[in-house]
Structures are given as C-alpha cells and as structure tokens.
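Below sits a lone chain in structure tokens, taken as the form predicted on its own.
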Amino acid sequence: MNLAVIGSGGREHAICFKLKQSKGIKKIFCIPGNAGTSILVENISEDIGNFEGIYKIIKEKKIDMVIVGPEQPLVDGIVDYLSERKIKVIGPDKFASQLEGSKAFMKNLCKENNIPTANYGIFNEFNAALDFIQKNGTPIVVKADGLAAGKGVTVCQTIEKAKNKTKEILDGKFKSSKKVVLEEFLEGEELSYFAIVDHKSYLYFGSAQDHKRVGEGDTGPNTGGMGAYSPTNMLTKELEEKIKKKIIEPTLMAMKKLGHPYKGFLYAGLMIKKGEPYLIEYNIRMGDPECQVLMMRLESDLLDIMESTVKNNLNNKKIKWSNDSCMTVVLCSKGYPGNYIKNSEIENLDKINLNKNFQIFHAGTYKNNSKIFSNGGRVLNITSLAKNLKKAREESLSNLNKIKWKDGFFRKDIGWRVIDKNENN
C-alpha cells in the first residue's frame, strides 16, 4: 500500500514517523513535507491548496490512501474533491470542517444541542459588539470567526483592548473572518481530548496538555503551541464519561442529523471548571504539537487504525497506549509569534541520537546542500518519552542544549504546573 500525508509541520513528521513502523506500507509520500520528513519518506513539492496538483500526484504515484494533516485544505474541501474521485481520504468533508473553520457555526451547534460551552455573542457590526462587551465586562475572549493560524483568539483584560481586537477582526485583519465571536472567559484548567471517528463510531485517541502562551509561566501572546505533554492527569474516568456524553456524542449525532457524518481526527479543546467540561473549540485534525507526543505514546499500528476508519470499522478496534509520559518542547525562531527570523542555519542536529524514546520532529525547516535551515515560526519539536514528565522534560532540555542555533528560543517550563505540584507534595 502507498500512502500520502498532506502537510509540512511537526504533526505530519510525527504521523510519518509512526506510519514507518507499519509493515503493510510499501511507500509513504509527504506533500510537501520538510527537512525532517525527507529523511523518513519521499517529499513531493506541491501547494496543498492545489487539489488538482495533489490528485495528479496521487494517480502518478499510485497512492492508495491520503491522510490530511492541516486544517486549511480540509476547510477548503479537499475531502469532497478526492472522495468524488474515489480516493480513500481521512478527514471531515467541507461542511463538517466548519466545526473548526467557523467558530460561529460551532457555537450555534452547541446552543442547538445543549453542549456546554461559554456564553457568547456573534457579531458582524461593531456597535452591537461593543454593546455586548460593555454589558459583559472583562475579562472577555475575542475570536475571529474563521481560521487564523492560531492567532485569532485574544483574552482581553480591558474594555479598550476588547474594542481594539474586535475592530481589527471586523476591519478584515484575517481574510477568513467577517464576523467576531465574543465569549465569556471561563476560569479553569485546559484539557485536549482526542477521538478518531468513523461514520458509525469513535474511539478515544489520547489526551494532552498544550502550552499556548509564548512566555514562561504562561505569559505573553497566544501561539500555535510552545510545547505539550501526554497523558494529562486531569482525565479521570468520571470526567471522560462527561466529555463523551455531554460533548463528543451530541456533536457527532448533530453532524449526522445535518447529513454530514464526521470522519477523521476530532480534537476537543476543553476547559474543566469545578469538575465539569466546557467546549472551548473544536479542531478537525490532530493538534500540533499534541500529535507529536501522542504518536510517541501510541503502541497500536497507525495504519490499522487508519484503514479501520476508512472502512467504518472502528467499533472492532482497541487502541493501546504506552504508560510512559511524553513531552515535546518547541524550538521557535526569534520574534515568533510576531515577525520572525527565516533562512537561518541550524547546526548539530546530526550529532543527536534519535531512538524510540527520543525524536526531533521538524516543523518549519528545509534542506539545502545537506544543511538544515529554518523557514517557520515553530521550527523543531524536541520530544521525549520517559517514566515521568520530569524525566521527559530533562531529556528534551538536555538535547535542546546540544543544538547550535543562534536564532532560536524555547520555553524551559513546559509541564510546569503538574511537575511543580508533584515536587511540592
């Protein structure tokens, strides 16, 4: 069997890494891939928005199945395009992709199906939005309706900042958004809950904790993710039952009723408040960098899970996970999440020993004359599997210090809340 993975980030590198362990695969292609995936699989350069070009590659390379990594092609309808041409593809169709592609769609779906979420308002006119802000006060969460590469959400502590961020969105800061979603700020602890879904059933696909803020101690602006760990100790059996019954299952039932049953990875970003889960956001694909830690902990065959998803046969499967903890620390380019340095050489990567417990997943990299250069904000994911989180972090930080890159920075405190709490008990 030949497979294609679409995307060029750390998530796609991690998926390729796991698929390489499956015996039933003849060849894996990554479109377009990065410097890291080029070591494992064959990269093919193509714009992931060019569905015709991707289809041509699929036919030429006799590709049997496609796994779509990032959200943009899903929101743009790549699953519809390939399915119409009888290509096996894993991911939701264009309509179902609105769960991530439109925050207004997701919030309205919650309201109509009694799915617990923060109180909200949806606006395309500034004065009405301002009225909502003034009535509800701060802190308040301001969200661009459409995709914004992880930069469309701001927690505003002042009315003035909320007004400014709302105006920016309504004035067209993000091409995907003509509406703003204003949301009650929920106090609690965040949790990422993953499922793999076919048209008949779904299976739990791991839990993780992401670190969105750029600065240590969770300070500064939001990013696409500065690091993550798995599993999270917050997920008790009782809480998981609530997540399934109150959030995941009503969502999947609602999509079926709308005539667009969900298929693929579903990632629920949750806030846990006094033991109760609230849906903050849905992502219609694996998280990044959460995918990296989940792929390291996954003991089941990923190809087998993907084939079962395509055949709507997940209800006969059991997914096995390592009991060890995994952490990834993201090495970023200076200036991120603002204007960051590009085309900067990264040295010493070949001097670090990679094995089943330690991997470096590339995100924003490319290779030129056997040298590795940066071309993204989030550049490398230094990922360690160990008996506990503290050891996993120590291993990641130790290897990070071996990398020679003057233009990089990273958070040294990933997992700080749980590690510090355990040390103090």
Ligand code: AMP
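Each residue number is its position in the shown sequence, starting from 1. Since the model is a prediction, treat every value here as computed from it, not as a measurement.
Just so you know, the form predicted together with adenosine monophosphate exists too; it's not on screen, but the next bit is about it.
### Message
So, a 4.5 angstroms cut-off on heavy atom distances: do all three of V75, D145 and K175 pass it with respect to adenosine monophosphate in the predicted bound form?
### Response
Result no, not one residue of the spot touches adenosine monophosphate.
### Query
With the partner left out of view, is Y81 within 4.5 angstroms of adenosine monophosphate in the predicted bound form by any non-hydrogen atom?
Taking the distances in the predicted bound form, the answer for Y81 is no, it never comes within 4.5 Å of adenosine monophosphate.
### Query
Is F185 one of the residues lying within 4.5 Å of adenosine monophosphate in the predicted bound form, judged by heavy atom distances?
F185: contacts adenosine monophosphate in the predicted bound form.
### Message
How about M271 - does it come within 4.5 Å of adenosine monophosphate in the predicted bound form, if we only consider non-hydrogen atoms?
### Response
Contact check for M271: yes, within 4.5 Å of adenosine monophosphate in the predicted bound form.
### Task
Indicate whether adenosine monophosphate has at least one heavy atom within 4.5 Å of a heavy atom of I90 in the predicted bound form.
Contact with adenosine monophosphate, no.
### Query
Which of 251 to 259, 301 to 309, 159 to 167, 273 to 281 has heavy atoms within 4.5 Å of adenosine monophosphate in the predicted bound form?
Of the options given, it is 273 to 281.
### Task
Go through I341, I319, I115, V153 and name the one with a heavy atom inside 4.5 Å of adenosine monophosphate in the predicted bound form.
The residue from I341, I319, I115, V153 that makes the contact is V153.
### Query
Though adenosine monophosphate is not shown, can you say which of L203, I122, V141, I352 has a heavy atom within 4.5 Å of it in the predicted bound form?
That would be V141.
### Members of 187 to 220 lying within 4.5 angstroms of adenosine monophosphate, judged by heavy atom, in the predicted bound form
Stretch hits, in order: E190, K212.
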